[in-house]
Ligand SMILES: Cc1ncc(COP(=O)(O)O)c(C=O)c1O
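First comes one chain, alone, set out as structure tokens in the form predicted alone.
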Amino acid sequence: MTEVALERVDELRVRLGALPRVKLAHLPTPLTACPRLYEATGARVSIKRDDCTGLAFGGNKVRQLEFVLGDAIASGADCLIQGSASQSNHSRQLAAAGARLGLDVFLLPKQDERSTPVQGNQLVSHLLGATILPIGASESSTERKRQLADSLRAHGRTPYVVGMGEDRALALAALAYVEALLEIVEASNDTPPDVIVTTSQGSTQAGLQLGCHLLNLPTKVIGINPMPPDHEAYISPAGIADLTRSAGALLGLPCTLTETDIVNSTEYVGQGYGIPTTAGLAAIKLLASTEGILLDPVYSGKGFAGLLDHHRTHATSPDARLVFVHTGGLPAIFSYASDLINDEQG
């Protein structure tokens, strides 16, 4: 990296440090080389272990919630709201953060095909003391969250809503991955990787993208989206570019990224969100058997399948350095036991 870029690293740390924040995650997370995976595939991959952020099985949302809930507390919030799929990683990590910070958490999980029996992320959310208010599988999570927020305000509470549909919270979440990008660069001896791949429908990729942009790095960021464009939580490449600009504004720094700068693929979704794919299950088994690192079938398994496919099909140089940002999601594997076992037996 140039001397100017190194100076900008220090500047970014100062700007990030000036924002309201709470302490939740074990940071920095490791950047782990994968030599046995390299022997098996020829892909020179290091994994940014954000599955090791520490709070209630970890994950990328723990890192993000440091900024999001710092803002919530600064705004006077006394409770938190999230709504998503029954096996939502975000909901589980929010429930843990609320327990740590003494904030009531209201979750609106959809009654989908993974709702029963209660296990995985949903079980953990129950144990963490969140108030669970299930909604129908076809209902709008965004609208139901806003209705609940209105009801809580009418009863004298001060709710803070996170997740889909909440632009400020999503931009704050992106800032966490500007910091993660700084960690990746520093752990690489100030030599940026050639490619960073992560499973992301928005904030995680936006933060990595913004960090590369602000440091003027040549690193290519690839997002593997776990959901199709008709999903309520889907954010388009244009929307991700909007997030980079919003997050840049929160730092007081201009960002000129546009839709054409964003690579976010829905090619690896398969039949739909939350439905395992053959390639994703194979990627889970490969990384587990070569490096002892677990992925999940909903997010990181599909993302890692995308990384392996990119390496195979895009004429990646044998010496290219790839980083995979592991966003966690491990409790969900228990609700997908039959898929994983059947795949192994097949």
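The numbering used is simple: start at 1 and walk along the sequence shown. Note that this is a predicted model, so its numbers are computed, not measured.
The same protein also has a form predicted in complex with the ligand, omitted here; what follows describes it.
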| item | value |
| --- | --- |
| Contact label in the predicted complex: Lys61 to the ligand, heavy atom within 4.5 Å | yes |
| Ser141 within 4.5 Å of the ligand in the predicted complex, heavy atoms | no |
| Gln122 within 4.5 Å of the ligand in the predicted complex, heavy atoms | no |
| 4.5 angstroms heavy atom contact with the ligand in the predicted complex for Gly202 | yes |
| Heavy atom within 4.5 Å of the ligand in the predicted complex - residue from His213, Lys110, Arg114, His90 | His90 |
| Which of 179 to 187, 248 to 256, 192 to 200, 148 to 156 lines the interface with the ligand in the predicted complex (heavy atom within 4.5 Å) | 192 to 200 |
